[in-house]
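Encoded as structure tokens, the following chain is the form predicted on its own, with no partner shown.
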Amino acid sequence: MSLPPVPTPEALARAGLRSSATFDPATIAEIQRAAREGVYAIRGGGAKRAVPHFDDLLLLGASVSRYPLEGYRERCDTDVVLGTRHAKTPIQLDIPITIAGMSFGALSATAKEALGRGASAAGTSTTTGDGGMTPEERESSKTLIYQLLPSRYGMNPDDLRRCDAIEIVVGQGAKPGGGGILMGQKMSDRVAAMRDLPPGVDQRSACRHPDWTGPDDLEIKIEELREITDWQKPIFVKIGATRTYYDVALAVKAGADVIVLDGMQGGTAATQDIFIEHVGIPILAAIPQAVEALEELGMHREVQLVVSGGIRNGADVAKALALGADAVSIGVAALVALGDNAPALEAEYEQLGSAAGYYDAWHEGRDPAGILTQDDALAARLDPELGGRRLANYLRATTLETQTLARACGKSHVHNLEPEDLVALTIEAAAMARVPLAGTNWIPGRD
């Protein structure tokens, strides 16, 4: 089914028609859909509304008052170590860009293998997601982080020992306070067996861990995980960006080695559209709050901060690091690198009522790219070796962009970027990021 033609604003104006800012065509269409179907809308991807983001910040390159480094002749290092606080074996990465948790179930087994191959080739880590660890993922991933989610689906104590770090997921940026969804059409026999659930039945994950009701219980759980793994594995705590200052402080108090902070622009395989667009805060607003909490506890850089939610290129990475992050994590961008929403599949996206660059019906399991599906025929379209090479190319290019910008600011390591290297283009971004408005020394809310 092809999409109906959309009238242009010019054509509407010529006809004397004016759209309501409150009841615009998209809002009217959603009301009509809800009235017709009687259920809330579910989709994948991230927030589509415009919010202050890294594009609203600029880096101050060096000239006279600062001395730039010569590109390709003077070093600008990118390595990062995560988990130095308590773990006997922190993980060491060549680049500060990691792959976020995306489950086998949401993604095909070939996609999980491709992510592992690409991350390993680029010298970084990947993460399991809900539903457990597949053999393909473990074998292809040099450094693999095992997610422990409220659902406990696929949780295996032996896998806790086989991984390189453990990430306790308290929340996700696209749906903080809400659980995950996996529709029945993606609950294949293999996915269902790993999750100990019936195949073909819709699955909704719990929104909170059954083992605790507060931060004191989280501390007990972290201690249990350390005992299971003989204190070898770093323990990450992932939170969706909401009440960031308090959440970070409590996670640190509970004993976390690493904080993973996910902003509202982060993607998801499936959740209510109302969640994606109306819950959480932008990552730009969350990073300074997290850094403030870490600094007040004397833990900034001792407890590493990994941020995610809309990271797309080296400029985003450089700006996140300048605000105080130790590394970033990517999800949607990694899927695009593998081949999601590729223009070559335009005809097939049209048959699904979408278009290349717009496809977000990830919950339906009909992804023609073979990434967000459990259909064996579709999954076979993705060559994990080729997908891994594409992801590695993207990660290397993004790292080079980050180094180029860091050198321009006179930095010999990307972690030497700092808030002083940033200015904001809008009052909102200046207030959120706590950096001056460009051309001034004014930080809104500070003076």
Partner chain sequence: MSSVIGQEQVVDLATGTVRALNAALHEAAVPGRWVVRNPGGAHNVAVGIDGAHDVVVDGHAGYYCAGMNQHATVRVRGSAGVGVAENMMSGTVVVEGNASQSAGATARGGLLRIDGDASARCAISLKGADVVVRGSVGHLSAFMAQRGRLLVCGDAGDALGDSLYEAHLYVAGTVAGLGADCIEKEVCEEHLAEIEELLAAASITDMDPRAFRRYGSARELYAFKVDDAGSYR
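Residue numbers count along the first chain shown, from 1. The model shown is predicted, which means the values in this text are computed figures rather than measured ones.
Another form exists, predicted in complex with the partner chain; not displayed. Remarks below refer to it.
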Q) Judged by heavy atoms and a 4.5 Å cut-off, are 156, 195 and 221 together in contact with the partner chain in the predicted bound form? A) yes
(Q) Is residue 72 near the partner chain? Define near as a heavy atom within 4.5 Å, in the predicted bound form. (A) no
Q: May I ask you to state whether residue 201 is within 4.5 Å of the partner chain in the predicted bound form, using heavy atom distances?
A: yes
Q) Is residue 205 close to the partner chain in the predicted bound form, meaning a heavy atom pair under 4.5 Å apart or at it? A) yes
Q) Would residue 217 count as touching the partner chain in the predicted bound form under a 4.5 Å heavy atom rule? A) yes
(Q) If the cut-off is 4.5 angstroms on heavy atoms, which of these, 190, 366, 142, 152, is the one near the partner chain in the predicted bound form? (A) 152
Q: Tell me, out of 355, 336, 228, 299, which residue has a non-hydrogen atom within 4.5 angstroms of the partner chain in the predicted bound form.
A: 228
Q.
So if I measure heavy atom distances to the partner chain in the predicted bound form, which of the stretches 49-57, 380-388, 416-424, 31-39 falls within 4.5 Å?
A. 31-39
Q) Judged by heavy atom distances of 4.5 Å or less, which residues of 158-183 approach the partner chain in the predicted bound form? A) 158, 160, 161
